Each structure stands twice: as C-alpha cells, then as structure tokens.
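The same protein chain appears twice below, in two forms, each given on its own as structure tokens and labelled structure 1 and structure 2.
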Structure 1
C-alpha cells in the first residue's frame, strides 16, 4: 500500500448557531461554518506529519474525520487503504488515537486497570493485554507508576498513559491531538524525543500530530502541513515549504564600537533590511543579498572604519515561513 493516509478534497461544514439578529433577518436560511475547505494530501508509511495551525484552524476536525469520529461534508479520506466513511470498523483497527483529554480516563482506577479496560474494547485476549501492557510501559518509562491510581499521575505520566492506550492494539497509524499540551518544557521535550525516535524511527509507525506550537513542529518535522482557516497553505518537508514560501535567507553583519555616523551610511547600502537589537558596543544589520554581495558590503563598511565582528547567513525559521503564509493573525 503506497500511502498510509490519502485525503482528497475533504470538506467539513458545521451548522452555525444563529444570533438573534440572524434568526430575525434569515429565519429559514441555514448558515454554515467551514472547518475544512478542500483539503488534499498524501502521507507515506513510516513518516511523521505535523499538522500546524492556530486554534480554530481545523486540526482537530481533520483528525476526528480521519478517525471516523465525524463524517465529512464532501471529499474522500483513506487510512491504510480503507475509506473512513465506508469501512469505519475495519479502519479503526488500524489506527491509534491519542488525545490529551484527561477526562477520558477513569481517575479512581490504576493505570493498569484503565489500559485493561480500553484494550478489552478491541476484544484482545487477557493474556495478550497483560503482556502488551508490561511491554509498553517499560518501553515508555511508566513501569513504576502503572499500578498507582490515575488521579495521582503527573501531567507527563498521563500523557504517557494516553500514548500507551493508543498503542495497545499495535496500530500502524497513530493520530495525536496536541499531545504536549499542558506539559512543562522538559516533559514536552522528552515526549517529542519519544515520538520522533522511538515510535516513528525505531518502530516504524506513521504519526499525524496536530499542534499550534511552532517550536514543537520544527523539532519534530519530517513533513509539515500549515493549516489556516480550514485550508492547506503549505505542505512538505522544511526545505520544500521554504521553497514554496519564497522566504529568502538573509545575512547578518555585526560591528563593534561603530562610529555614530556609520549606521546612517549602512542604511543606504543595497539590500539593507533592518537593524537588529544587540548590546551597546555591538550593532547588527540584516541584509537581503546574494552570497557574493556579502564581501562587497563588508569591504564598504571597512572603508568607513567599521570593525566587522562577524557575517553569517541566517536561514528562515518556521516562524518566519509561517508568517509569510498566514501573517500575524
């Protein structure tokens, strides 16, 4: 099977709750909110895809549609070859769904009892369930706490248990909806390492992960989808998205103890973009120029008695690329 996930023209519209004015002016007209607008993409097996977008971009709607929790208004989606609207029972056996909602667990039960209950819904034999629990909790680092009550778990432990629950039936494809939400930076980093190097690289799982955290998407990236108001703005690896964005690399030249008149001269140079904040004794200037122009700029600054500390290329970050597609909204 060539693709783990294939989405073709997926659209989802929700019936909008009318305001009093809309009920008065349009009493019989139905109003809709478009959560997904003609979304299409393919994801190969064994890859990690970050679904990146602000709150309300349509990330959770897309994941829930691919998990057969809601049905699309139009379009098609195939997960491991199964049409999610026609073969929902078969395709659910192929997927794991990791959600950060702690209310989906039973707080008075231990971690082990929770896992036994959810695994039984897949009609797995009891012997296999217990063996699988021991295997996964040791792998994920939850062995010491697995027999403790869930209500005593930390946020990181609860997230780990949610991942174990999603892996209990050994799915090929895993959907994660903001798995690092509410985690401290260290716990979030550990979770990212676990997803990237253990689940995907070592065990060959396919992961589609939704996040609104730019740093998380940049740390995890294999492939990235930039989603905005239900539409895909860009899709691909970081280099591919960089090419799509036409966001060029810039060059930063740093000077030490510059003459007071020097900044005004530098501003007039070709390709000048902006002055960057630095210490009192160092000024940094950013230029949009080709590599061969850097030496000419440096030569000119030196002629003006400028003392150049460094000159380096600055590759655009994901945040820079994100702003070119979506802006600051």
Structure 2
C-alpha cells in the first residue's frame, strides 16, 4: 500500500501582519512569512516520526496542513493516499489530531461530556463512545477527574484530555502537536512509553509527533525530522542525525580548588574544547569524546594533583545540533 504520509515540495507562506511602521512605509506591498519551505518526506504505515524543531520552526503548520486545516501555498501532501486539499469527509475518520492548544474544549462541561460531544462528530454509537472513554481515561490516568468540569482542570489534565480526544475514534494516523508540553516529567515519560509500545508497536498506528524537546525525540527512539525555519535540516534516527551534525557528546570534568597552574595544563590536553562557566571554587572543562576516554582524562588530572568532583558525558542539546547545521545565526 501507499505511504501513510507523503509530502512533496510543500511550501506555506502566510501573509504577515504588518507592524505600524511597515504599514506606512510599504502600504501596498504584501509581506510574507515562510512557515514551510519546500518540505518533502515519506512516512510508511505503522511508523513513528518525530518532528523536532524550536518554536516557530513550522511544526504546527506542517501538521495542520496535513490535517487540511491550513491550505498549502504550493506543493502536495497526501495522507493515506488522499490529497489534503481534497479534504474528503470519509477519509477524516482515519485521522486523529491531538491539538497543541489547551483551550479547545467546552469549559463549563465535564471532561466526559466534552469527549462524548467530540466523539459524536465521528458518528460512533453511544455505547461504544462510553466504553472507549472509560478505557482511554483509565489508560491515561484521568479517571477521577473525568466527571468534573473542564475549567477546573490543570494544564496537564487538559493535555491528557486532548490526547484522549485524538484517540477516541481509533484513527490509523495520529498527529500529535507537542503532546507532552504541559505534562510533568513522569507523565511525559508514561506518554512516550504509551506512544512507542502501545500505539505504534502493538496497534500498528502511524504517529507524527511534533516536539521541541530533544530528550523526547531521543526517548521515542524512531526517525526524526529536524525542522528549522520551515526547512528540513536533517532526517534520520537520532544517532544518524548526531553523526550528520558532527556534534558528538562531550565529557565535562569538574575540579575543586585546583593549583593555579592546572588550568593551563588542562587546556593543553588533546581534545580540549572549552572551559564552562561554573560557581566560585569549581572549575569545569569540556572535552571531545574522540581522542580518548574519560578515564584517561581523569587519570591525567589526578596525576597533576587536581581533585575531581565529577565527570560526566554531556549530550548535545537541540541548540548544539542546530548550531552545527545552520551556524550561530
């Protein structure tokens, strides 16, 4: 069968809201923001793909375009073989959308009534809706609150309700826009496990998940699209992207009260990268992992009478990886 998602040269330009100055200087000129710039990729059925990028990278725009909620400026996108600009009603049954926006519920109704309403829009039988609510709410840990009014929910609970809503009609292809944004680390971890093992591995669903969180992309441990300013910068698994970025993990070694000569010696060691800002009596140095391993560095420093407080591997941040792809702009 065809790909679950196929995107070909997708570009979206939004008309920019002019500032007052721009309004006077260029009254007739239309200014555009390019949210997606010639994006192409395929996603086979039953796979999980992480859309990784900082705020404003174009993640939400891409997801909304695939959900037929935003009309592309040029290029094509097919979801389940359907052109997104055709927006076929029957086809929408196959699509689930977990919205990033926590507002999107009726505030004065309970979580349950909200879910009942939204699920009815998929013409599911009432018993099935109720059964599914109980099942999913239990699964995500919202059982106690489900009959309370939405307006009393914390943002984590709202987010959970949005996730349940996106799954109510058991869609094949699920779009999740920063689903763990307001979850605490524990709940976020649980959600990642749910997505990875239940939704994708067990039930064979296709998931496209947007996140600005590198750790989340790593934890999900599938393929990643690195999006920046609407352009795909890299595509692949996390190790593949790290290799492409030539942005390796580093060692950080911390010393306390070193001899005044010591820093100069450490700086001269092979693989030395930079000194990191630290508090009062602690000094921190960062090393490349490549030429040697941690024990070698520690042995050398101890030999010079340095007292090592700690030494750990430093995983590159999204910013580090970005920096290698696009410079420091």
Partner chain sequence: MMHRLQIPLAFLKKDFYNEISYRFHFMIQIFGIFFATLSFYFLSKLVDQNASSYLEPYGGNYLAFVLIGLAFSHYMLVSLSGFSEAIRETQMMGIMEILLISQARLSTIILSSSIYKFLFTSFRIVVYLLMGALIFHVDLSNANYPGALFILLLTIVSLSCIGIISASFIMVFKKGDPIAWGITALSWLIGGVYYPISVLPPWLQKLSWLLPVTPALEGMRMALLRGYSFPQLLPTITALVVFSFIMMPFSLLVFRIAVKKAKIDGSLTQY
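So that the term is clear: the rigid core is the largest set of C-alpha atoms that superpose within 1.5 Å between two forms. Residue numbers count along the first chain shown, from 1. This structure is a prediction, so every number in the text was calculated from the model and none was measured.
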query: Panel number for the form predicted together with its partner chain; finding: 2
query: Core-superposed comparison between structures 1 and 2, residue 267 Cα displacement 2 Å or beyond; finding: yes
query: Threshold 2 Å Cα movement between structures 1 and 2 for residue 121, core superposed; finding: no
query: Threshold 2 Å Cα movement between structures 1 and 2 for residue 77, core superposed; finding: no
query: Core superposition result - C-alpha of residue 108, shift between structures 1 and 2, Å; finding: 3.7
query: C-alpha positional change at residue 153 between structures 1 and 2 - rigid core reference, Å; finding: 4.7
